[in-house]
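In the block that follows, a single chain appears as structure tokens, in the form predicted on its own.
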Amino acid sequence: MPSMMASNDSPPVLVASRQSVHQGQARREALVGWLFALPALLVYGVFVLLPLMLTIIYSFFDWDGIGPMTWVGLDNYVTVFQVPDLLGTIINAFWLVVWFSLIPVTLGLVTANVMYRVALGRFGTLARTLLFLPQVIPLVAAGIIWGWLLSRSGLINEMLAALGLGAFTRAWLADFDTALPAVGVIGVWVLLGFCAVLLLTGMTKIDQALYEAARIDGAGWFRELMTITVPLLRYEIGVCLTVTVIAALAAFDIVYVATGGGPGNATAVPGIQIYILAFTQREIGLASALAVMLMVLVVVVILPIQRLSQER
């Protein structure tokens, strides 16, 4: 109180001087902060914003990457919708969302819940390590490994034959009917551990008193999961969905190594088609239009997920 009284009794000139000093100090601190952030902002601008702007510009031109560019307006975007193979890549990407996102998040939630209840101590640590192991394996290596496993003479077919299911053996990644689901299985294997470990970490923050109160009321395992665990893990589930949906829509390395987009166009996704158009067919404008559409698609899908996961 004495200090407040002294402050209120200070002459106006002195108060204005103190405010000026505080404002000057705040401006210096803000300037120092921006100077620290400047290198990162420059790198982001050169390697992210500049290529993004150039891609948008190229999408309005017909260009082979070397010669002069010809303005075509929205023709490249119209072509994406008119050519079935290009539009099919976007449909395939949405099929991969089911395999890369919905299945890993659902299985990850169940797996994390089981581990939280059963896998404790060293066994729990070992289980989490094994589950997360696919995340540290390069995706190219994962594609090669699964290419061997799913080949005509691979381990999967050998196991089916040993179980008397030889009629179901096939080259899973070379069959028009099974190629895309087989790629999806690879995505589930890679992303399940990430989802399970992230959700398991979120479960450790939930107050145990909530579960005890639910058990007193007679709630079972499934009711606890749906009424306590899932609502309180909304943010973690949102992060899992965001990461996995982006992985599905922007998939390239796993698909390229495992199938190269084949057979035919069965597993082609926008990332593969953009690479083929830009570096094989030298259709820079069309590849840029498809890339811009892919970016817009990712934003349109991700924004509602982020909004729903952050609502209280």
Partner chain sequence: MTLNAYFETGFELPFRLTDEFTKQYPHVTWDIKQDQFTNLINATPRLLSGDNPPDLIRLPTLVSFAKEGLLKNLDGYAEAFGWNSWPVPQLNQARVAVDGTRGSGSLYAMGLNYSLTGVYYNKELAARIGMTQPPKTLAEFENVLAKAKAAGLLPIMQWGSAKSGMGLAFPLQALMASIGPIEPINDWIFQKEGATIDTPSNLEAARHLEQWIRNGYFPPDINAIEYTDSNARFVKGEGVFTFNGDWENANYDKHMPGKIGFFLMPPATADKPPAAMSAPLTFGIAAQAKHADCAAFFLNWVATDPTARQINVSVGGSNPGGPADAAMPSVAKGSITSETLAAGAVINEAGTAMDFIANATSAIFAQGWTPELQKMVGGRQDAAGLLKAVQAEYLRELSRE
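Numbering follows the first chain given and starts at 1. Just so it is clear, the model here is predicted, and its values are computed rather than measured.
The following text describes the form predicted together with the partner chain, which does not appear among the structures shown.
Between the options 225, 210, 203, 171, which residue brings a heavy atom to within 4.5 Å of the partner chain in the predicted complex?
When the partner chain is considered in the predicted complex, the option within 4.5 Å is 171.
Tell me, which of 243, 250, 56, 257 has a heavy atom within 4.5 angstroms of the partner chain in the predicted complex?
Only one listed residue qualifies here, and that residue is 257.
Picking from 210-218, 78-86, 186-194, 160-168, which part of the chain touches the partner chain in the predicted complex when contact means heavy atoms within 4.5 Å?
Heavy-atom contact with the partner occurs in 78-86.
Decide if the three candidate residues 176, 263 and 281 all line the partner chain in the predicted complex, where lining means a heavy atom within 4.5 Å.
Each of the three qualifies.
Hey, in the predicted complex, does residue 276 get a heavy atom within 4.5 angstroms of the partner chain?
Heavy-atom contact with the partner chain at 4.5 Å: present for residue 276.
Mark residue 286 yes when one of its heavy atoms lies within 4.5 Å of a heavy atom of the partner chain in the predicted complex, and no otherwise.
Yes, residue 286 is a contact residue.
So in the predicted complex, does any heavy atom of residue 64 sit within 4.5 Å of the partner chain?
Answer yes; at least one heavy atom of residue 64 falls within 4.5 Å of the partner chain in the predicted complex.
When the contact criterion is heavy atoms within 4.5 Å, does residue 152 count as touching the partner chain in the predicted complex?
Although the partner chain is absent here, residue 152 would touch it in the predicted complex, with heavy atoms inside 4.5 Å.
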